[in-house]
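Just the one chain here, the form predicted alone, laid out as structure tokens.
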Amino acid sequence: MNTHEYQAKEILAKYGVVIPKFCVASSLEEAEKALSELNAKDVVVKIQVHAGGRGKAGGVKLCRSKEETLEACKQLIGMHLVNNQTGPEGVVAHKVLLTEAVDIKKEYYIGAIIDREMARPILIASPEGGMEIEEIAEKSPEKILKLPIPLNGELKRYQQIHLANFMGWKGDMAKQGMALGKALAKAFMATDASLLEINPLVETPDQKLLAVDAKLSIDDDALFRQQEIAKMYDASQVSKNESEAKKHGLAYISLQGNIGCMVNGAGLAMATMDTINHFGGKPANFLDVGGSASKEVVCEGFKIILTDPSVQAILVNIFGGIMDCAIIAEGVIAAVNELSVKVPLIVRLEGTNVEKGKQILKESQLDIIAADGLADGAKKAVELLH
């Protein structure tokens, strides 16, 4: 689950990270009140959306007066951002963040991720901030420091010292940087984050380290123990289908193809999409109904798939481990009858109670195409559209 910049900053501040003073507004009235609270000469106004590239899109403005700030808020509240991160639908900024402008002497990068190759959380830092960390890693890997984060979130003293030396911090700057690294590591582990970054982390002319931007993403599977953060979920930042899927416990992501996919298990769903691509087709979505979906949930999944007008065929690929194939079959029949499915429907069932599931589908006398395996199902789906 992604959070907005202002939410990430609120969380970081609780762990002792120094954040420039800021306010959030969703209307001009709130913006005017925020300005009086900030009492700053120069103000930066930023749209709050779950996407990067805000500055390039005109979503970040430096304002030198109250009038200029209010005009910026008027333009940015309600701004529709479309870029390669949002997809063609784009996202709308319902709020803006107003923060006092900071004089910048130097920019740094610091963040934390789960390193899949090392199979552990790591802290990443670079004395080169303000750029894409991937670009720095590719062109100048020697400027990237990676430190493993202990599972209790307590960065060791020698790791803090290593961080300060690598970043070139000395004296009081070193103390600030070591405290910052310690706080960031703690926040990352305590919030069950999958990504936490400050870019840029800036040094001011009077040698203060400030987090002027922040990004925080939480592992969806850990939200059950992050109740306060879960409340920060903003449905307006995802597609209507993704929001609806979340209500029913479904994992759904819209894609650009025309073959709808309903699968149980994320790994099998990705394999299904890969197999469709292998045979020359394009999946229209990722949809994982989970390992124990009910007939009703399966029906909701069909509704979500069919709201996409580009879907010209649907491939149901179920491997019944925990899932009972008979329940899937009943859900498929209920959906076809209720929704009057008009597009070709290919169903591959395997696993628990599979013979009963196949029997239910056969006896329904509905126009359902049976598949003998994943490859057979994907091939049939693609061939039907060519």
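Don't overthink the numbering: it's just position in the shown sequence, from 1. Since the structure is predicted, the reported quantities are computational estimates derived from the model, not experimental observations.
Below, we refer to the form predicted together with adenosine-5'-diphosphate (ADP), which is not included among the displayed structures.
- Contact between residue 265 and adenosine-5'-diphosphate (ADP) in the predicted complex is not found at the 4.5 Å heavy atom cutoff.
- Taking the partner from elsewhere, residue 192 is found to have every heavy atom lying beyond 4.5 Å of adenosine-5'-diphosphate (ADP) in the predicted complex.
- None of the heavy atoms of residue 126 is located within 4.5 Å of adenosine-5'-diphosphate (ADP) in the predicted complex.
- Although the partner is absent here, residue 70 sits far enough away that none of its heavy atoms falls within 4.5 Å of adenosine-5'-diphosphate (ADP) in the predicted complex.
- Of the candidate stretches 141-149, 303-311, 266-274, 99-107, only 99-107 has residues whose heavy atoms lie within 4.5 Å of adenosine-5'-diphosphate (ADP) in the predicted complex.
- In summary, among the residues 60, 38, 336, 360, the only one with a non-hydrogen atom within 4.5 Å of adenosine-5'-diphosphate (ADP) in the predicted complex is 60.
- 44 is the sole member of 341, 34, 44, 326 with a non-hydrogen atom within 4.5 Å of adenosine-5'-diphosphate (ADP) in the predicted complex.
- Residues 212, 213 of 202-226 are found to place at least one heavy atom within 4.5 Å of adenosine-5'-diphosphate (ADP) in the predicted complex.
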